[in-house]
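Only one chain is shown below, in structure tokens, and it's the form predicted alone.
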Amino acid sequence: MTDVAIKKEPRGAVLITAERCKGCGFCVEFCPTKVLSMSDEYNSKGYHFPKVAVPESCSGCDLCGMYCPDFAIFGIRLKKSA
């Protein structure tokens, strides 16, 4: 038997507007697929904002956007390539 690497297409993507973020971390906490983590960087207001740590795991569910009180992040579903 041979080991074959199967490349999994991402089902979703996360879009982040770092300048809107106040660093509450709700998006990171409630992401069901653990795609996000908090960045070590700061925005202009001095807050840590989220970053996409595992993009291939994103399902596009948009729970990050639903929990974000500042509308700084949202998830989208990607269309399957033919």
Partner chain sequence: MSERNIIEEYLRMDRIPHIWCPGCGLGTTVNCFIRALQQTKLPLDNISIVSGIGCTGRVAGYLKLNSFHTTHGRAIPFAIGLQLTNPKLKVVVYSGDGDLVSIGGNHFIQAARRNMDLAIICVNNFTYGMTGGQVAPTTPVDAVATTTPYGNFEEPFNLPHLADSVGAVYVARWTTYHVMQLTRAMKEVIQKKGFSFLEIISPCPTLYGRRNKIGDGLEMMKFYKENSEIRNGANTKDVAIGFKGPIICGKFVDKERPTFLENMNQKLSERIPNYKPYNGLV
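None of the values given here were measured: they were computed from a predicted structure. Residue numbers count along the first chain shown, from 1.
The protein also exists as the form predicted together with its partner chain; that form is not presented, and the subsequent description refers to it.
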query: In the model of the complex, C24 touching its partner chain (heavy atom, 4.5 Å); finding: yes
query: Any non-hydrogen atom of L63 within 4.5 angstroms of its partner chain in the model of the complex; finding: yes
query: Contact flag, R20 vs its partner chain in the model of the complex, heavy atom cut 4.5 Å; finding: yes
query: In the model of the complex, E41 touching its partner chain (heavy atom, 4.5 Å); finding: no
query: Heavy atom contacts to its partner chain in the model of the complex at 4.5 Å, residues of 51 to 77 in sequence order; finding: D62, L63, G65, M66, Y67, C68, P69, D70, F71, I73, F74, I76
